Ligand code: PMP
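Only one chain is included here, represented as structure tokens and corresponding to the form predicted alone.
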């Protein structure tokens, strides 16, 4: 009889020749447990997903409550579904900008994932502006579907899937000189506040102020990808709230669902209304905004505020920075609990990650910065658990 691992390798589609192949039997809080009972501390939150930890009791209770009421009812946008409406209202409240220079983002289109949110926003930008050119950033990652992949900043990931979408141009994240490449031909700029897969690259405060000005000047939609940074990862509910500007469209997913699949793109009602006609049903989805995922997401949002998880994000990040000092550590970059620990090269880093996993600490690297260790733990991690994790990481370096 084949083992689960053997069946996994035989029947489950693989994305690399060297999957971790950890068989997890249970997860709770910041920990996962193997079939043999071995404990793993999850320092990457399933790649930015489990911001409130695995199986937070308030999230699982919300899931149970919704399962007892109904699951899928109808394709998106036809029925009034309470989990969708309550979540949309809660998200809009987090986006009230306190002034009216820019219309409040008050219309939420729910999707199943981040890449679907990107795809919807690309269509929205073209339909609303009547333009075709879209600008993204070098070393950006916005997803793996055809449109989202077209925005990717790495030719290595794109070359074998061409032809992709035309009229995609790129600028360098955080470089003021490139802002002038945004013109009256540009439908939208897709950009992360913090360049995640580039290894947590943080722009100067004034960068987004100038970017916003250029988008206003040219009538270009400024579309902010907060798929990794949203729902408290950087110390504020949305990362853009730390940089003195307001977007035209906001993308979110990952940490949004408390472990359930969900994403969204959010705009103001005027912009979003273009999907209603010419053609009717300009963007549709069967499972987007699934009621169970929406219930889980609303519970996650409430937990972040009710448990004051934003308050200590920077304090916890500083503990990591104070402890992760080693001659092989070249730099630690972070915005809140979105962190990159840089080493000389991948050949140095990979054995460290492997040794740490063997000792019960799960970390990772970045797609476009494979010499940096990814650290993005659940926001509920305690100071004591950070100290424990850092000791293991340091022991794995030596």
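Positions refer to the first chain, counted from 1. Fair warning: this is a prediction, and the values are worked out from it, not measured in the lab.
Omitted from view is the form predicted in complex with this ligand, to which the following refers.
**Q** Could you work out which of 113, 106, 285, 139 is the residue within 4.5 angstroms of this ligand in the predicted complex, going by heavy atoms?
**A** Filtering the options by heavy-atom distance leaves 113.
**Q** Considering only heavy atoms, tell me if residue 200 and this ligand come within 4.5 Å of each other in the predicted complex.
**A** Flag for residue 200 set to no.
**Q** Is residue 248 part of the interface with this ligand in the predicted complex - any heavy atom within 4.5 Å?
**A** Residue 248 lies outside the contact set for this ligand.
**Q** So in the predicted complex, does any heavy atom of residue 296 sit within 4.5 Å of this ligand?
**A** Residue 296: no, not in contact with this ligand in the predicted complex.
**Q** Is residue 143 close enough to this ligand in the predicted complex to count, meaning some heavy atom within 4.5 Å?
**A** Yes.
**Q** If contact means any heavy atom within 4.5 Å, which of 223-231, 152-160, 73-81, 321-329 contacts this ligand in the predicted complex?
**A** Heavy-atom contact with the partner occurs in 223-231.
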